[in-house]
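Okay, so here's just one chain, in structure tokens, the form predicted alone.
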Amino acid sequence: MRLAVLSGKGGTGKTFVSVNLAAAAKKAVYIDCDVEEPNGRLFFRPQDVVSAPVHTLLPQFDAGKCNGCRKCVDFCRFHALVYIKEKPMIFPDVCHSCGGCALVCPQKAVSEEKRPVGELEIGVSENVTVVTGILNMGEASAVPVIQEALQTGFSYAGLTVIDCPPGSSCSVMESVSAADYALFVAEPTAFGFHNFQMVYELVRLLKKPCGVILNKADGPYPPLEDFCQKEQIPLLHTFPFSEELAALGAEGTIAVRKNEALKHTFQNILRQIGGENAL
């Protein structure tokens, strides 16, 4: 089972839920797709970590072969190419590495070279294989690193927990597209409810089955609860404010490895969403 954990905004406890679900399973793969600021590894502290670079392909133009036909420029739907001073020029941050410019060039004047955009770290923490995507600072798109992290993580057996970026951007869509189930972690506040509705709309368009966990609740929050009832989204669990959980989080400790009752809670969440085989 591939389980994507999402939140409409940062700070809801998405990583708290992700790492504990993975740790509560018999065998799991945790993929951190929040590649701009991955922090699941701070809890898992994986051992035997190996790193691998992530590259995209960037077009290079052979001035000796280029005849100025501009077919590459006309083809690029992302407007990553312009023709200036009798040669093509590329804007790397806009290029999507689709390879189309090389395919349409009649003079075979376009080649591609690797450009580093990030790296992957793969390690093990007890029963969990930890795959962490890390985007290089200043890169415009997280998608290539997310794609590489997912491809690598999917090669391992076990329950797959995808820790998605917050919000509802392209990187979130990339993270959740291959998931079997989407699990929202929502904050019972006006701001949290607003952003939850935005990311729910994305998941609804992708036609993914989904459920909700409320975190850091200090009591009922009717607007969000009524919305879930209206949209028939199951409310799987509510975590109240807890000094114990706050302390464990501050220590970078995975709660289910310290608290047997919490382990049973997360295992019950897995059962509710059809993850019995992971236990």
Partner chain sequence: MIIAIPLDENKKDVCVSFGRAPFVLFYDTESNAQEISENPAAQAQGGAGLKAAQFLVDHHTNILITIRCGQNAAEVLQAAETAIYEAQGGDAAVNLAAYLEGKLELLSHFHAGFHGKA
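Numbering follows the first chain given and starts at 1. None of these values were measured; they are calculated from a predicted model.
Although it is not shown, the form predicted together with the partner chain is what the next lines describe.
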| query | finding |
| --- | --- |
| Options 113 to 121, 170 to 178, 186 to 194, 91 to 99; stretch whose heavy atom lies within 4.5 Å of the partner chain in the model of the complex | 91 to 99 |
| Candidate from Leu205, Ile84, Ala157, Met137 lying within 4.5 Å of the partner chain in the model of the complex - any heavy atom | Ile84 |
| Close approach of Val73 to the partner chain in the model of the complex, 4.5 Å, heavy atom | yes |
| Contact label in the model of the complex: Lys108 to the partner chain, heavy atom within 4.5 Å | no |
